[in-house]
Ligand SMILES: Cc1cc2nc3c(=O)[nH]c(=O)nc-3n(C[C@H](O)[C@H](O)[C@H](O)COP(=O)(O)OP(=O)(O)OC[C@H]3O[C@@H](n4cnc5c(N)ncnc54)[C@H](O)[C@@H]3O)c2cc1C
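One chain follows as structure tokens, the form predicted alone.
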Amino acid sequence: MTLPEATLEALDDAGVAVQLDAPLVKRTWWRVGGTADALVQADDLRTACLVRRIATETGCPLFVLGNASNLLVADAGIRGIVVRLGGSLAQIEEEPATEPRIYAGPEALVLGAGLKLTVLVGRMLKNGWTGLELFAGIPGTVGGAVRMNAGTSLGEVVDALVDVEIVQPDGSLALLEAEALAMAYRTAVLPPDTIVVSARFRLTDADPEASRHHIEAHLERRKATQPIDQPSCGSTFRNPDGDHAGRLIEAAGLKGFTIGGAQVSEKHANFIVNTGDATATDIRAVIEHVQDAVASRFGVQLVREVHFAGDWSGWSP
């Protein structure tokens, strides 16, 4: 544990509970990764703002960990403070329509950044809300989805996002309109060292039964074509313009390619799975081998959709 003493003292003085040397392996979808120097559960705005300000003032790195469904955490772990959002920062707030709607329901939803998208989709189906079908099948959180403009064949975050509330490095709050995030395919531009704490999304007046059909059909397709029974982080690479990463990887003869416990899925080539005893180093080695092989064979440089997090200073290919 290398957390600065000044950071620990400031967190203690502020009454913020800290778990030191916190294991992360069970918190990641790949089921790999080391420990966090310090783990803080921020269940309200006050805690999120305090932690962000203290980290800035004491020069301590801070990393926000969502559902880790699109993240490869290094075997050496993550230095500094790792923050997880929950409590009131994982809630759904309805904003009722100001005019009568064809279908009952709110006009917009304000979603806490720590809210799991699987929970949101369940509430959508239960309440007949429409307009956010794009989240079906995405295992992450609202905050992570905003940061990467997440999406599926049903749409992407930019299609429905209105604005985002963030905690700035000094601990103050700011509201950003969606247009300010320069969203593109699987990317969004947020100010450095900020924490997304909530996002507002517009709903639609679409038929709830039609919405349910689209969601259920989409989930059935994913179940049939993706290796959901093995630990993975979903699609590893973005699709190149006019093509599909999975097709290129399969055409390069890489289905089933294995290093240690990490394998290019036999079911879907754009998935790298943990066969049981993989390390983060194994997974990264497979990722980089796939990139090199596809570039050599087809002249296409695959861009990662997953992000590397933590201390990779000892990494060597």
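One-based numbering along the sequence shown. Bear in mind that the values here come from a model prediction, so they are computed numbers and not experimental data.
Absent from the display: the form predicted together with this ligand. The rest refers to it.
Engineer: Here the chain is shown alone; which of N274, S265, T58, N67 has a heavy atom within 4.5 Å of this ligand in the predicted bound form?
Structural biologist: Of the candidates N274, S265, T58, N67, N67 is the one lying within 4.5 Å of this ligand in the predicted bound form.
Engineer: Go through G137, G246, G77, G105 and name the one with a heavy atom inside 4.5 Å of this ligand in the predicted bound form.
Structural biologist: By the 4.5 Å criterion, the partner-contacting residue is G137.
Engineer: This ligand isn't shown here, but in the predicted bound form, which of 206-214, 174-182, 90-98, 188-196 has heavy atoms within 4.5 Å of it?
Structural biologist: Going through the listed ranges, the match is 188-196.
Engineer: Heavy atoms within 4.5 Å of this ligand in the predicted bound form: does G234 have any?
Structural biologist: Although this ligand is absent here, G234 would touch it in the predicted bound form, with heavy atoms inside 4.5 Å.
Engineer: Contact between I81 and this ligand in the predicted bound form at 4.5 Å, heavy atoms?
Structural biologist: Flag for I81 set to no.
Engineer: Is there a heavy atom of T152 lying 4.5 Å or less from a heavy atom of this ligand in the predicted bound form?
Structural biologist: It does: once this ligand is placed as it appears in the predicted bound form, T152 has a heavy atom within 4.5 Å of it.
Engineer: Just checking whether H307 would be counted as a contact of this ligand in the predicted bound form - the rule being heavy atoms within 4.5 angstroms.
Structural biologist: Close contact exists here: in the predicted bound form, H307 approaches this ligand to within 4.5 Å, heavy atoms only.
Engineer: Is every one of F257, I283 and V294 in contact with this ligand in the predicted bound form, taking contact as a heavy atom within 4.5 Å?
Structural biologist: Contact check failed for every one of F257, I283 and V294.
Engineer: Any residue of 22-48 with a heavy atom within 4.5 Å of this ligand in the predicted bound form counts; write them all down in order.
Structural biologist: The stretch 22-48, when checked against this ligand in the predicted bound form, contributes only W29 at the 4.5 Å heavy-atom cut-off.
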